[in-house]
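Take a look at this single chain in structure tokens; it is the form predicted on its own.
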């Protein structure tokens, strides 16, 4: 295993249970996602040295910051961490320039001032150096907090829900700025967020946490379309989650569901196995009312429209399959919905793309891992 970057293995029973393992390479942005109480912020606090877990270790670039078994526990100031808090945590009586300069040590006053100006310019706050936090917008305060976090040339940058306290427009701008800024940072970056779209947009990899446990780690698109378990599928908000059984059909293994025998591109197991399965909305294709195409022969399913919601150019549809109770959720361009007479109670047919169906081990709905924190 490479010693570059951050490696974390932590376990504890209380106050918040932890059984987490993660690694983050230099230049990589790793998103930690999960429900409230899943241990995301506790993990960041452990890495920063603000909390010590009962067991485990934290290493950065080959240096051990924490090792419970060896009684090693470097204090906060010895870990060279850049930490951006949800609440900004700026000194209200200091200017933006002074807030950033306060994080700079071992330099003359002139050097600290010059470096602070440089960092504020890097986050596009030129000309606002003399303003105190009360005279800055939420987005500007967050930029000051980022500049201050970078002031120490940190070995690791920790971002704890950094954009949650600003409005949606400002949030998008700050996300874009972080995406640009991180291109110049060759350090591990950990982002705690509840926003799955934010994680998918900004992160190289994401870690799913639930009740302090690491359930899955991987590229955002992989985690969100091919989860390892039904628990992960629920935690990333996948709606089209169902149960089925594997069956032999004409010498091939297929997925039996509501009387349908579905083709699945990647299928493994034995006939009789119960499974959970998921299909992303983009894997559900609406049949045209007229001029059907050959592609509609792939895993056709009929049902009735439970509801449809027009959202500008797209319409979200929930279709209850015949013989079922849980709807399939998908969306189509609004003009397609109108052309095909999509309305509550209307009969419609869809195809479930074989390559989009993803199988997972069966889990009982009563499994404690599926319950919210």
Partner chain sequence: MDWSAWTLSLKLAAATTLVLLPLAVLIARPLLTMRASGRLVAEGLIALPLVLPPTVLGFYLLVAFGQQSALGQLYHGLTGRSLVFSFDGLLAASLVFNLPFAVQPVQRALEAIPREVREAAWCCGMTRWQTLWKVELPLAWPGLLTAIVLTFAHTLGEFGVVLMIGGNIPDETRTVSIAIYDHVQAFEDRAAGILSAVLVAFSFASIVLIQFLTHRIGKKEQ
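Residue numbers count along the first chain shown, from 1. Because the structure is a prediction, the values reported are computed rather than measured.
The same protein also exists as the form predicted together with its partner chain; that form is not shown, yet it is the one meant from here on.
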Find out whether any non-hydrogen atom of residue 125 is located within 4.5 angstroms of its partner chain in the model of the complex, and reply yes or no.
-> no
Is there a heavy atom of residue 152 no more than 4.5 Å from a heavy atom of its partner chain in the model of the complex?
-> yes
Taking heavy atoms only, is residue 45 within 4.5 angstroms of its partner chain in the model of the complex?
-> yes
At the 4.5 Å heavy atom threshold, is residue 336 in contact with its partner chain in the model of the complex?
-> no
Just give me the single entry in 90, 146, 284, 275 that has a non-hydrogen atom within 4.5 angstroms of its partner chain in the model of the complex.
-> 90
Taking 4.5 Å between heavy atoms as the contact cutoff, choose which of 241, 103, 166, 196 touches its partner chain in the model of the complex.
-> 103
Would you confirm whether the three residues 50, 81 and 85 all fall within 4.5 Å of its partner chain in the model of the complex, going by non-hydrogen atoms?
-> yes
Taking the partner as it appears in the model of the complex, which of 183-191, 71-79, 197-205, 262-270 has residues with heavy atoms within 4.5 Å of its partner chain?
-> 71-79
Residues in 316-345 that come within 4.5 Å of its partner chain in the model of the complex by at least one heavy atom, in order, are none
